[in-house]
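Given next, in structure tokens, is a single chain: the form predicted on its own.
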């Protein structure tokens, strides 16, 4: 498919959605994006790296803005190709969907103005609408106030070891230099600053196996986990304000496993615990907090052990950085904390302020009825156009 980058970014979003690009199968969409950038933009150096497409200008401007978005989606769920419909506005609480061509409810809502146009399809939210905005601006900004870097990468939706942005970080780190980075992650048209860190630990309990008819001869490993679960149930999470962004932490059991058979007292069981922590903690500090929280459980019990199984640092908001502050101003001062983890963490680790900013409700990502209000695509495009066209201080 040939992409028209100068077209309305709503139409460009639909065109991107109509190119299936489930993780590990991004060659077609990467090829289309690469061809469009080479043919329809001026002043950009364009590079293909696997199924990542990179482009940058070198106009000698005093500051650089990096725009990054992933090209892959989760598996398609009968939601490609895209479709555009008019529906009763979600703001009214009426979620009834009706075709733009038919439907009394749509006409009734139109009389009161409570309608909105919506684009449905896999990736409309996560995150082909954000990609479309970036591509459109690259082709239509005549005199940007910043040098621009665009990175469209693969394999974000699967294991971190496959992440295309991680590969660029390892193999082409010079492409990540910027004064501010914007990831087109869905954020409801609000700036979501920074991100929380996450770690997982596994608490394993030992015991003694026995026939359940003679349970007193055994030591039940599952029962031993009860005191761990009690501590987690009673845990009161911290809320912290950083640069006006409120982050809410959470310590949760996310998996419990144990048992041998229906008539056996088990001699081993485990619980996986996930800690989502505010970005003012390092991974080491977060792990220490988990250990301290669970310390009373482990005291004097040699049959309990704790192992760190996964961790990744968060990212501070960085909104005080000049370029980030100008972006907030362009967005009308609207921003909030990002609770989940995103690739902004990679930039924060390099000392680059980074935010999530894109169309779409993140709660709709990966759903069968994934959809984005088309007005939100227009709004994000207009905001970024104002930001990228403004003279930096």
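Residue numbers count along the first chain shown, from 1. If you're wondering where the values come from, they're calculated on a predicted model, not measured in any experiment.
Separately, the form predicted together with a further copy of the same chain exists; it is not shown, and the next lines address it.
A single residue from the set 291, 223, 202, 83 has any heavy atom within 4.5 angstroms of a further copy of the same chain in the predicted complex; that residue is 223. 212 is the sole member of 212, 282, 305, 140 with a non-hydrogen atom lying within 4.5 angstroms of a further copy of the same chain in the predicted complex. Among residues of the shown chain, residue 251 is one whose heavy atoms approach a further copy of the same chain to within 4.5 Å in the predicted complex. In the predicted complex, residue 190 stays away from a further copy of the same chain, with no heavy atom inside 4.5 Å. By the criterion of a heavy atom within 4.5 Å, residue 274 is counted among the residues contacting a further copy of the same chain in the predicted complex. Remark: residue 278 does not count among the residues lining a further copy of the same chain in the predicted complex, judged by a heavy atom distance of 4.5 Å or less. Heavy atoms within 4.5 Å of a further copy of the same chain in the predicted complex are found in one stretch of 47-55, 31-39, 65-73, 335-343, which is 335-343.
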